[in-house]
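Just one chain is shown here, as structure tokens, and it is the form predicted alone.
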């Protein structure tokens, strides 16, 4: 299993790099940090995007949509021809603003901090399903996040799985310290809280399994590296928004084509 996830994640990185090289302006660093988390989620036994009655999922950090599109391309849910056509018609936005992919995108993200609240609605409407979301560690500064967490705790909603992409970098600053993630606050809110290496596929799968079995809603704090697998972009705040040079992208593409 671990070997397969490793191969798949490399293939998704390769597809993502090709999208970047083709002048798609995606956020490199924040996309790479959650790539392995998404790989296990969609290529494991957790969410089958082709299945009609699947578990809901919201990519709250919508700036990582390039990786999500790469997964859709990898699974042949969308062809590169259709992708380019939708892009040309401006039917694919910059924050998962999609109009022709509603079977696979449960909610369009935009301003950060709203996904957990929306997940509450999904969870109440689908009490027998787990509802998944991935949020950024800078995003949890939003008050709406905490209002939603307190509501989940107070109402004892038990079927939400929140994955925090803990890459320690916002768009403009380093966020090494995050006290709300390092003390007992989350435990006191009646969540099942787990910390994992967000690039270790085996640990990710094990944690997902535990979250599914849990009788409480879960918070998974995934320690990740911003720009993971993209050379000079790793842990480099410059590449929160900026793309690396085409020549360097081409070298990375060659590397992943050979792995």
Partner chain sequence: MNKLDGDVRDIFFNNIKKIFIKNNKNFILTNDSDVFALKSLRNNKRFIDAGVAEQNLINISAGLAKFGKLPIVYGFCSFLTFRCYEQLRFNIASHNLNVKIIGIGPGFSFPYDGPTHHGTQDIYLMYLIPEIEIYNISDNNLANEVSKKINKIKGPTYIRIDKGNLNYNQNIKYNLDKGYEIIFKSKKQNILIITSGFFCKYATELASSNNNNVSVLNLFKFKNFNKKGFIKIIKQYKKIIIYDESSESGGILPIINNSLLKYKVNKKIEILTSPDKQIFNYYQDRDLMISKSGLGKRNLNKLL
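Numbering follows the first chain given and starts at 1. Here the structure is a predicted model, which is why all the values come from computation and not from measurement.
Just so it is clear, the following notes concern the form predicted in complex with its partner chain, a form of the same protein that is not shown.
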Query - Stretch from 172-180, 100-108, 79-87, 185-193 whose residues place a heavy atom within 4.5 Å of its partner chain in the predicted bound form - result: 100-108
Report task. Heavy atom within 4.5 Å of its partner chain in the predicted bound form: which of 138, 73, 118, 92 fits that? Just give me the one. Result -> 118
Query raised in the report: Here the chain is shown alone; which of 44, 66, 56, 229 has a heavy atom within 4.5 Å of its partner chain in the predicted bound form?
Result: 56
**Report entry** Residue contact check: residue 158 to its partner chain in the predicted bound form, 4.5 Å heavy atom
**Finding:** no
Query raised in the report: Is there a heavy atom of residue 153 lying 4.5 Å or less from a heavy atom of its partner chain in the predicted bound form?
Result: no
Query raised in the report: Would residue 114 sit within 4.5 Å of its partner chain in the predicted bound form, counting heavy atoms only?
Result: yes
Query raised in the report: If we check its partner chain in the predicted bound form, which of the residues in 138-152 reach within 4.5 angstroms of it by a non-hydrogen atom?
Result: 144, 147, 148, 151
